[in-house]
Each structure stands twice: as structure tokens, then as C-alpha cells.
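First comes one chain, alone, set out as C-alpha cells in the form predicted on its own.
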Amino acid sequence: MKKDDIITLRIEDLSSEGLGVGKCDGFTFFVKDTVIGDIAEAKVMKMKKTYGYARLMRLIEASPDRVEPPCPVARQCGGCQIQALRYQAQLAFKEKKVCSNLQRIGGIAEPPMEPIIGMENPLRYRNKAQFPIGRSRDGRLIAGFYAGRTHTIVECRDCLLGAEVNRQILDAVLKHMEQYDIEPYDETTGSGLVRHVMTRVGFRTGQIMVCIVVNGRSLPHSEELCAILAAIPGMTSIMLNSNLEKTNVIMGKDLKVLWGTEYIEDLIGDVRFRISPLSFYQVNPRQTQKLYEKVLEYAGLTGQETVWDLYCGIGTISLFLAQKARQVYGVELVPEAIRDAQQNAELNGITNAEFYVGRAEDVLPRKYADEGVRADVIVVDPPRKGCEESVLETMVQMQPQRIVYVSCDSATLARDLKCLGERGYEVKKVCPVDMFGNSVHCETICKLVRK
């Protein structure tokens, strides 16, 4: 086979990026815009040694699980990779992916899987959105999202995963820019002012934050814009973020309050959290409560335990655990997040949670070696790359009775579980939680017990 050949494929799986996976004459091809069960005619676009990429030309037979995406730009946008797949089929795919990674990478022959925890409605679940601002080809001011693997903006002011108020906010910002001839930032030249508009919404409190990211120190006529935005019910915080770097990192470090407070608040269960523009906070609050309840279940706390929460962020899991533990210690690299965690503990009257700034791979070994700290339970929620080996080694040396591992990438999770398994820990339960409906991503919780 060669480039431009027309082939017929039955799509049998999805890749980690949401591309349909099928075989032709034993050769694997990845095809965008296809879903499991499709029979597709495709054109070969690129050939590698052991696989190739092809473009969908037409559907010969649509999968019984194929649906019409509710979002009109789902195909162009890089956010919802599998919106064309029926939601129950999405859940089955994610459950299978987690199980397969644990078997293939983790070496667990029969993973002790619990049913995936899905959503009642996989739309309007995101409490945070970041919209790049730019110009269309015909020169109009636009807001939207980047197309997959590009920085080309797909115009969309009303993402169906986000809060409905986002459209009203973007309409106001773009109208303000047009009125006062304010230019959007141009990544190629580094010129222009407005880079992104970020929104956060407290689903339980109804509080709204708007943060405008600019390539400068101020926004012309910001008082007029604030007056319009402040009239939106629930508006609590309007912030300006300065990012002067020529980078694709969205947020800079300098923040200024234009109107209201520098934070909003929201609740998970009975715990109230203060959220600033740079805080890490789970984007799906409804599923987050289910996730944390499962973490508590797996931790098996009786009120007598010492718990370490690694990669603790603003203390969301730590403070949940503190309600049931004797003492909780949280570790996080970002100083601002630790300040938020300490404030959140104070906000909730929680006195048995203590937080440390630093890398988990530095803090935990030092506390263990120098102070002989111990742990009955360790909860770890690392970034996508998983845990550093030094963290895993120290966790094992501390000999907790239980480890609860929360992961947003089941491949690195499986790798780390294999390491812990070789050092005396057995995986007792695994539960996927769908935090990211209509995307290929999935959260997973594992309970490990010392043999």
C-alpha cells in the first residue's frame, strides 16, 4: 500500500487521541472522524513502517453506536474527540482501555475492575473554560478553541461542555474590543493585546470568575467592560492576567483584580473551596464528588490514621480525607496552591491538615529520612506522567497499609502499579470514573494493600 490508495476498513478500536483504528491486509491504520463499529472507505495519507494514517472519504456502513454530535463544530474542534459515539459506548471504550492497560503494561492478568462511574448528562459539566481570542480569515474578531494539533482557532462562543454563561461573557468582551479597537494577540508576530478569556463557575455557589489574559499590563477602558460583566448574575471576580512571554502557555504569573474579589468559592460535598485563577480544581464538580467518595471508600479511614496526600493541589482531596482521618499531610509543588490549601483548611475549620511546598520526590524522602514520618494511608494523584520512581520507593519504605492511586492516564498508572506490585503491594480494586465525557480521557482510582 502507498499514499493516496483507497482502502476499506472496519473500525475496531480508538486510539488515545480518539482516532479510529482499523486494519487492511493486516496493516493498522488510524482514521480521524470514525468510531468503533464503522465500516469506512478511506484514503491513505501517510505510511510508517508498521502503521499508517488515512482520511475518511465516506462511511460505507455507520456504526450502530454512531450518533449525530450535538455540537456543530465537534469535527473541527480538538476538544471532543468522540462526541459522535453514543455515550454508553464511550463508557464501554474507557472501561476497556483501563482494563487493557492494566493487563498489557501493569502485568495484572485479571484486574479487579468495578463498573465505570458515568455521568447523568455528558454535556455542560465543565466549570472552567479557556478561549483563545483571534481573527478569522475574513478579519472578524473570534473566540473559540484550537483545532486538533494546531493553533488555528475554531470559532465557538458556546461550548456545549461548558457553562451557558460563557457565551454572554465572550459576547461582551469581543464587543468591547471592537468598540475600542483592541487587537487580539498574534502568536506569529507577538503583537496585539488580548490573548485568552478564562472563565470559572462555581456550580454549587453560582459564583462566576472572568480572567482576561493580555500581552501587556492593562486593558483599555476596563472600567466600562467591568460594568457590563458585573451585571451578569453571579459575577464575583473579574481579573486581569499579564502574560508578556512569547509562549503557548496560557496564563502568566501577574494577576490584578479589576472588579470584585480575587477568588470564587465552590463546594464539593460539605467542604468549601476558595478558587483563584491559577488554582488547580477538578473541572467536573459533579463527578468530582463521586470520585472523592470512592477515594474515601478505598482509603478505609476509621479516624485513627495518618494520611499523606501527594500532589495535593489546593487541598481538595486532603480536606475530604481530613474529615475521617487523625492527621493529613499534603504535598504540592506550586506555592500558590499550598496557600489556597491552607486558606481552604481555615475556611472549613479543619485543623488536622498540614501542607508542604515542594516536589513530592523531594519532600517525602526528606521527611521520612530526617524525621521518621510514617503513614497508614498514602493517597497519590500525580500529573499525567505518573510518579517519579523515588516517590514510589519512599512510599514502599514507609509501609502504609493502603495506597489509593488516582490517575488521569491509565498507561502511566499501569506502569506504576507494576512497580508497586513488585515491591509488595497488591491491587485490590480498580474503578474508572468518567470525568471528561465526549473525550477519550478517563480518571481511574486504584486501591492497593500491603501484602
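We number the residues from 1 along the sequence you see. All figures in this text were calculated on a predicted structure; none of them were measured in a lab.
The same protein also has a form predicted in complex with a small molecule, omitted here; what follows describes it.
J.: Give a yes/no on whether N215 approaches the small molecule to within 4.5 Å in the predicted bound form, heavy atoms considered.
T.: Contact check for N215: no, nothing within 4.5 Å of the small molecule in the predicted bound form.
J.: Although the partner isn't part of this model, could you tell me whether C312 comes within 4.5 Å of the small molecule in the predicted bound form, counting any heavy atom of the residue?
T.: Although the small molecule is absent here, C312 would touch it in the predicted bound form, with heavy atoms inside 4.5 Å.
J.: At the 4.5 Å heavy atom threshold, is C80 in contact with the small molecule in the predicted bound form?
T.: No - in the predicted bound form, heavy atoms of C80 and the small molecule never come within 4.5 Å of each other.
J.: So in the predicted bound form, does P112 come within 4.5 Å of the small molecule, heavy atom to heavy atom?
T.: No, no contact at 4.5 Å.
J.: If you check A353, I317, I133, V98 against the small molecule in the predicted bound form, which one has a heavy atom within 4.5 Å?
T.: Looking at the other structure, the residue within range turns out to be I317.
J.: Just to be sure I understand the contacts: of G37, P383, P69, G421, which is the one whose heavy atoms reach within 4.5 angstroms of the small molecule in the predicted bound form?
T.: Residue within 4.5 Å of the partner: P383.
J.: Establish, in the predicted bound form, whether G300, Y425 and V449 all lie within 4.5 Å of the small molecule, using non-hydrogen atoms for the distance.
T.: Not a single residue of the candidate spot has a heavy atom within 4.5 Å of the small molecule in the predicted bound form.
J.: If contact means any heavy atom within 4.5 Å, which of 84-92, 236-244, 277-285, 367-375 contacts the small molecule in the predicted bound form?
T.: Looking at the other structure, the answer is 277-285.
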